[in-house]
Structure formats: structure tokens, C-alpha cells
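Here you get one chain, nothing else, as C-alpha cells; it is the form predicted alone.
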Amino acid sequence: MTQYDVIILGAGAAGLMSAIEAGKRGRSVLVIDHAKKIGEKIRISGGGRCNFTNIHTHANKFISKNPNFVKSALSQYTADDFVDLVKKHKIAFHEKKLGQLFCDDSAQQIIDMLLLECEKAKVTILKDTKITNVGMQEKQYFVEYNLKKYFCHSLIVATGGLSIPKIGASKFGYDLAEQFGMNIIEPLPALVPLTFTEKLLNMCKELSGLSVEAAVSFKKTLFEEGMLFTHRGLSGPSILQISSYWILGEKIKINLAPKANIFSLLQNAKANYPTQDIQSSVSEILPKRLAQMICKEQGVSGHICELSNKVLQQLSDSINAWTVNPTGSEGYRTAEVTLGGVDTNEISSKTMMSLKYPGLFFIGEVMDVTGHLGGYNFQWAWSSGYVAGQYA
């Protein structure tokens, strides 16, 4: 068979979702993927348990040059809708903090669920297939591989972004969009650990493995979640979140004790426990290793009564308002998603179809839509995939 109603490029979360929905409408559907295994990004997500959605999904959890773009798709297919599908397949799941939903057992259950739904919808899936050409001929789209052309009325691009190249990420989708004259918002690594100068890196190495609840901010954007010191720099949810907003060359602010006014606590300690060692005072607020490191970095030692309020204020600021200047990020190798992508101003928010080319759809991570950490990017895949599947 070389003629299909719908051909989908990419068998990830968004691609499989659109295939299911188009197939349920009685459309003949072909899904093509270059990888040997289907849904690798699903399989490795959430520590192998797949954080498949978030019950707090809202448009304000997404970054795009067009912030209103996501609203229509998210309302057409909600987090509750996907949860209903998971329940229908009797997949046990649990809620972690901040509304994140994970499989109790394995991410493979989500892949199996999607493949079973594809099978029921009579979807044909080709894996380990290298596409050599995509184009238009006689008002139809064609995809060429194995020296054959396969034609379709609707072509859905669900090729993902550039994050995690070891599982096959590529710029295929961006190149294809540009081939059709569509604008690309510059792709950048997002939800990614940040890297720092050698001095700060040495500090991070000494504290490697230590985590704290921290409030990390860039300009007016703030995230208060866990932060982790690693031998490569700073990571953890709060850092990953802010990385999607941070601009190279700019500084970020870190509050290592967001629930405490350090200066007030140290003044209180000075009044009530004047002979207490300053490191001991700070160790009552922060993990001991971190407290010792900060006191050392600030050159502060001795009894707290011996320290002026000015010195205590400087020490407090290094905890409540620590300013750091990242030198970069770890890049796509460890980035969970890609910022930027196909310009959403050139796509219908109602249908996911190109405004320039009828029948050409873009869904998932290839678009300029990036969710926060915590299941939002998967929900965008489900929602955008569902919508394309209704119109392709």
C-alpha cells in the first residue's frame, strides 16, 4: 500500500496519540520512525516510571512566543482525559508532589497502552526506517524511503526536538518545516543542568550529592523546588525549571533557605547564644557541609558575638540571595526538552495545521511549546496529538 489518508513522522508520545485518534476516525494511518525501539523517550522518562501528566495542567505552565497558543489544545484534550485512558488500561499510578502523576510499575506500560490503541485503530507502524525525501506532488504529500514514494492527504510532523541525542533526537522536523517555508524559533536546550566557573564548580564538587529546597529566580520568574549540587554544577528541579527562562550572560538568584530570614535568625542567635560558633549557628538552618562551605567562602569564623551586623548581613545575603552567573548548560545531551521550534504563529491553535499548507500538521516538541518540569510536556504531546488526529 502506497496511499494513506494520514502519514505521521515520529512514533513518540505525540505521534502515537495522533495516530490513534486519526485511526479511530476510520482514516488509514502510517507511522514512520527512524528508531529501532518505539517510544524511547517515554521509556526513560520519570526514572523509568513516566511522569505522564500533571493534574495542575494550565496554559501558564508552558513557554512559547505565543503564550495563548496552547489553550485550545489543552481544553480539547485535558489531563483528566489522559488519566481516563490510563485507568481504562488498568495501569496503576500515583501522584507525587506538585500534581505529578507516575506509573507505579513501569513507563513501558504507557508505551504498550499506546501501541495497543494503535493496533485497535488499525494503524500501521514502521520503525527503523530512514526517510530520504518528503515533499508535495499533485496536491498530495509524499514520503520517500526504500526507493518508494508513499502518498497522503495529511502529513503530521511529530519528530520531536534536539534533546537527548543518544536516543535519536535530530533536527529533521526543523529542516522539514524550513523546506515548507515555515519560520523556526531558535531551538535551545531546556530543563537542563547549568554549568559554572571553575571556582563555583569546585564548590559544587565538594558538595556533590547534597540537595536542598531552594528558591531559584531569574528576573520575575521563580521556582521553589529541590536543588542538587553535582560534580558538574547545579541541577535538581528548581535549576532545571529556571534553565528554560535563563539567558546566557545573565545572573540567577538562589535562596538556599526560602522559608527562613537568615539575618533575623543570626541576630537572634547572637543575642541569645553569643558564644556559639558561627558555623554551628548556620548549621542549624542549612546542612552542615553547606554551612561550613558558605562560612569558608565568606571568610567568616569564630563566636557569633564577635561578628558585626554588617558581616552577618553579608553572610545572610550569601544564603538568602546568592547570585550566580552560569557559564552555560550541559546542552542537549542531558536536556529533557527543547525550547523553541516551529513558530506557532504559523499554525492553527485549533487544529495544529499549518496556516500556509493545508494538510500539514506539527505537534509535540518540534513546535515552539515547552512545558515546565513535571509531566507538562507529555500532556502537550497528548493534547496536540489528539487535536491533529481529529483534523488530519
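Everything numeric here is computed off the predicted structure, so don't read it as measured data. Residue numbers run from 1 along the displayed sequence.
Although not depicted, the form predicted in complex with a small molecule is the subject of the following passage.
- Using a 4.5 angstroms threshold between heavy atoms, S301 stays clear of the small molecule in the model of the complex.
- The closest heavy atom approach of G46 to the small molecule in the model of the complex falls within 4.5 Å.
- Heavy atoms of F263 never reach within 4.5 Å of the small molecule in the model of the complex, leaving it off the interface.
- A residue is said to contact a partner when one of its heavy atoms sits within 4.5 Å of a partner heavy atom; I347 fails this definition for the small molecule in the model of the complex, lying far away.
- Segments offered: 354-362, 323-331, 65-73, 336-344. Contacting the small molecule in the model of the complex at heavy atom distances within 4.5 Å is 336-344.
- Of the residues I131, I125, A269, A215, just one reaches the small molecule in the model of the complex with a heavy atom at 4.5 Å or closer; this is I131.
- The contact residue chosen from I294, A121, M182, I164 relative to the small molecule in the model of the complex is I164, the criterion being a non-hydrogen atom within 4.5 angstroms.
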